[in-house]
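One chain is shown next in structure tokens, namely the form predicted alone.
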Amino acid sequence: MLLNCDMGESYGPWEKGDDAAVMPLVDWANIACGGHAGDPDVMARTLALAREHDVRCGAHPGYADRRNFGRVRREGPVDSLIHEIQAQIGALQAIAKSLGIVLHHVKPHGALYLAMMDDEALMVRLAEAVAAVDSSLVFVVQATPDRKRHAASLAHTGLALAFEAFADRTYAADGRLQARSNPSAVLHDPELVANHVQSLLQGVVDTPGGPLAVDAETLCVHGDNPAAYAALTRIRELIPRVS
């Protein structure tokens, strides 16, 4: 199981997450592209940090909504949203290229990620948009009971898919994530995270409707979670990093 983390979410003087401490503990870094967070300087700094620790870099585009950190669903023309996402990926890709780094994956952020998991047509449009930018990129999708259907729906894009589970989030009965409005949606206690991860490693997640099977290749920890470093340290005791 590979660990991924949302990173590069600072902006100007505003610091978000402890990327320097977390980076050595992860396999993939999902780097904000200037939409919900991040700026060109932060992108360059995060990319360089990832290269230093041999971490694969991916784009983490989302709604262009810094005020709400990209965590509020926005309505509007889908074509405009697609262009925004492509522009964000392109911005990170340009800086990565200047540093000799090849982007590995794309993982939509926050409310956009949740929206595509609720709306398969949107998921398909986003994957098609990613493929149009660079068909070698891996597209990250949440591992749910609908995994096989999602894989079939996205097969025509030619993208490799990575299905992910979440180490620091609780699940709803349908296998998707609990809304952040739920007080128990985010796990902060490293021991609770570790227990949750142990279940995920066995291919099972607890939900209000009972246990559900989860088939995932990668596990996410949110970099803006204040417990990210402690949680990742604990997870690494369960999943040693392969050099």
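These numbers were taken from a predicted model, which means no experiment stands behind them. Residue numbers run from 1 along the displayed sequence.
Although not depicted, the form predicted in complex with another copy of the chain is the subject of the following passage.
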Answer yes if any heavy atom of Lys16 is within 4.5 Å of a heavy atom of another copy of the chain in the predicted complex; otherwise answer no. yes
Hey, in the predicted complex, is Ala44 touching another copy of the chain, heavy atoms inside 4.5 Å? yes
Is there a non-hydrogen atom of Val133 within 4.5 angstroms of a non-hydrogen atom of another copy of the chain in the predicted complex? yes
Classify His53 as contacting or not contacting another copy of the chain in the predicted complex by the rule of any non-hydrogen atom within 4.5 angstroms, answering yes or no. no
Residues in which of 182 to 190, 199 to 207, 65 to 73, 212 to 220 have heavy atoms within 4.5 Å of another copy of the chain in the predicted complex? 65 to 73
Heavy atom of each of Met116, Asp119 and Tyr171 within 4.5 Å of another copy of the chain in the predicted complex: no
Residues within 4.5 Å of another copy of the chain in the predicted complex, restricted to 88 to 102 and counted by heavy atom: Gly90, Ala91, Ala94, Ile95, Lys97, Ser98
